[in-house]
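A lone chain, given as structure tokens: the form predicted alone.
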């Protein structure tokens, strides 16, 4: 059974700073700065960090897990509290780490550890702004996780399972448009309200860490001075494959939906591609199959016929990794992970993720699993993260991460390339055809392309766009417009405006998670696959390789995973592939479909790209009108004018009635009693009136002074009005 770190009694920070660190601080005060911040003391300092970090981060991960698996206010507050503790811990140690003169040190490990510690991310913010920032992040992620799309008459549907199912299976473009637009309407406006402030605080945190903006801080993870140029080069290498796939898809969808929806010289409407974000097109393979008379097996249907359950899907993934000689997951993984949507009605975050609780024993996956081939691959991917955690668990906390973020994603993805091979699926009883002929192989490669190649521009643009937001190139008044610019081969199916905020419809935008890792891992997985297949002695086409049960491939992978982030990533890449740069050669070798696509497109006289199209963004003709200092729609202004006219008419009637009353009262005069009376006994009528009320002149003057005074409260709400003195 795994151990859960707890710390009863005083506050963690009190314990750390006045318990573990008191000797450190006392020693520091006894020596000069240069003598104290030497290499020997650095090692002692790093040990203090190690001992305390495991507890602080474990408690934060526990609080975060409790929140995302049971979204409520109490769990949110607890998570925010533990996040503040973690940030204060990072701030203290990061500030101290910056005092060491790293350039003078000899030990490269110590230098690397201290260098990593100096980046304290959002913890650099002042406490009040850090608290605000944490709340913003929690709010945006919660808005995404709890959003639903409501029918006109019927229930409201969540994204996971329901709305995604509509996007994947419906062929009714009106229903697809309803789901596409409904999800963006449910999430976008909610997140946009806070996004500008999120950008401001993100940039402030980055500058306090010594970077120009948050985009620069994110890029620093890759330690490359030519990162943007390298990314552009990779994209240009992959572009012929993508453009030919897009042209073929456009023609196929044109046959299905007709010219009313598909322009053969333009991009494809985003709602027709089988995915909420158009990042994967594999769900519409049936519409675009090159050889429809030889359809691929419906693996999802086969899984359901064979009574697969979510737990079996996880067991299959576990068996694959252990067949390579890699580590098995501890018993607590199976007990503590959330493998299905919880049935007790609690609100949960369904976005799949793998969790390391920093105690060397507790690792979990959170996923609302459905029995589909897509979820099976997702599980293999997430189990790749878990295997990485298991392999580097004995390293310092500072090095418990991938060689770079893309490595973390590529480990699970490279396994899915073997899992999806014809050989592996056949061995698992999920295919009925023993062999593939040339046409069936083209169909198979098309399925791979619709998942992998279609992802290229989306993965490339996600962070490219955000970097421009962070550095100010994209201003807040064109957030949505700029989101739809660039080399995307799909366009919004309806006009979008700046009242919308379509970026927030993607989890990683709302959750403030960098996305570059997915673009690089798209390429890296094929580099890894090629290297691992060579280790197994595989001969032949790369897409036919299955590394299942290969201890040689497993050993090569294990040697890389154990390094964590203790070495520069080019060194780690060289260890597995023999190359120090990310290269598109392997993915182009794997994708033998390109020659077929080019031939097909030439025969159809296809136009590559969308030459007659600039940007589908159209500002709605709202004709905003300024009315009482407010920007309103014309119908709202019209209504407001009628209201003011009615109020004016009422005020006129009130004034007229008061004037009539005043006139009638002034005409009245008490009858003169002609009987003989003492003149002193007669009541002398008041000589003045105010708003139709008879009173002494001095009282009328007093009322008028009150009326004319410049006060906010109405006259009848003031004490003077009711005083007759």
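Residue numbers count along the first chain shown, from 1. These numbers come from a predicted model, not from an experiment.
Unshown form predicted together with a small molecule; subsequent notes refer to it.
Interface membership of residue 389, defined by any non-hydrogen atom within 4.5 Å of the small molecule in the predicted complex, is confirmed.
Although the partner is absent here, residue 552 is not a contact residue: none of its heavy atoms lies within 4.5 angstroms of the small molecule in the predicted complex. Residue contact with the small molecule in the predicted complex: residue 515 places a heavy atom within 4.5 Å of it.
Although the partner is absent here, residue 382 is a contact residue: one of its heavy atoms lies within 4.5 angstroms of the small molecule in the predicted complex. Checking 463, 408, 83, 370 against the small molecule in the predicted complex, a heavy atom within 4.5 Å turns up for just one residue: 408. Put simply, of 577, 279, 480, 283 only one has a heavy atom within 4.5 Å of the small molecule in the predicted complex, and it is 279.
The chain is drawn here without the small molecule; in the predicted complex, the stretch among 175-183, 506-514, 311-319, 236-244 whose residues come within 4.5 Å of it by any heavy atom is 506-514.
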